[in-house]
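Read the single chain below, which is given as structure tokens and is the form predicted alone.
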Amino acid sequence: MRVPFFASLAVAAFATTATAQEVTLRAVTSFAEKTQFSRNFERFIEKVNADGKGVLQINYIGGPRAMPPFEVGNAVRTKVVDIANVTGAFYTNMMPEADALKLIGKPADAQRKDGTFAFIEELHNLKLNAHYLARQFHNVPFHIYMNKKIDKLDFTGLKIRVTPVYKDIVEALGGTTVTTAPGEVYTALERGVVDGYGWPVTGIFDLGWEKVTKFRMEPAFYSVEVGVLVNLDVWKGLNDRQKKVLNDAALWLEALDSENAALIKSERDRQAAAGIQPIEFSAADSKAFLAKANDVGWASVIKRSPENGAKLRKLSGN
């Protein structure tokens, strides 16, 4: 079913001129529509369409039902789509440095001031033919969720669903990794194909995973990164007024991260009410886990991209 859909997208050439002044961009999200990591992007689209009347509009195609998550990065690169809401974990095959974004927890405004954002933009230009318009969720951490309780930080004998975000730390703790798209996680848990999964602290209720999840391992680690990418050729083709509509909306979108502290507290309470129990370790063990997660994460990035990885680590400050 996807072949004719993609063909029609390519023929449409996505960036279309509605009038001499107004341009319409077609957008996708790599997460299910109306779920935690798509909702703010959908709010962003509403803002662009309200503020950009007569200048720029966005036609929202949808989420994974329209395009598989791991194809979104390449779709931006090749201009199959114009703009996308996607995490770097879904395009590390084309840009290995994207795996470092989870290790940079500074707010987007701080990254814009200290040169971090500019370097990330440069990498996206060169490797993904993309403009890195915005970063979201810098203050939302990840967890490993499980259906088997462990009493030490050892995943030996456990099968954990991962994306590139979690792969290195799960393997470093002796676990077996299974890579799937988010849409396949529920069935994998239900059938015992995996014993657990990596996911942020927020969003599991959107997907119904609380029904097949028993434990959440503490401490939280890394930082969510969901970027808004624009095909670089499309971006260069926009005029100053059109770019301003997107830039203003991007800064507004990044500022929505201020809502996340309350959201995280609410989500933890909701998980507790659903019977998801925390697995906690000593302060020393938790500290050692966080240090190990950071070290193996950077080691993996630097192994695949020595010069750029080292520069990203220096910019990150950790």
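Counting begins at 1, following the sequence as shown. What you see is a predicted model, and the numbers here were worked out from it, not measured in a lab.
This protein has a second form, the form predicted together with ligand 173, left out of what is shown; the following refers to that one.
- Residues of just one listed stretch (159-167, 211-219, 74-82, 239-247) have heavy atoms within 4.5 Å of ligand 173 in the model of the complex: 159-167.
- Taken together, the three residues F90, F142 and E225 all come within 4.5 Å of ligand 173 in the model of the complex, as judged by their closest heavy atom.
- Among residues of the shown chain, W199 is one whose heavy atoms approach ligand 173 to within 4.5 Å in the model of the complex.
- Contact between G175 and ligand 173 in the model of the complex is not found at the 4.5 Å heavy atom cutoff.
- Although the partner is absent here, F37 lies within 4.5 Å of ligand 173 in the model of the complex, judged by heavy atoms.
- Among residues of the shown chain, F31 is one whose heavy atoms approach ligand 173 to within 4.5 Å in the model of the complex.
- Residues of 232-262 placing a heavy atom within 4.5 Å of ligand 173 in the model of the complex: none.
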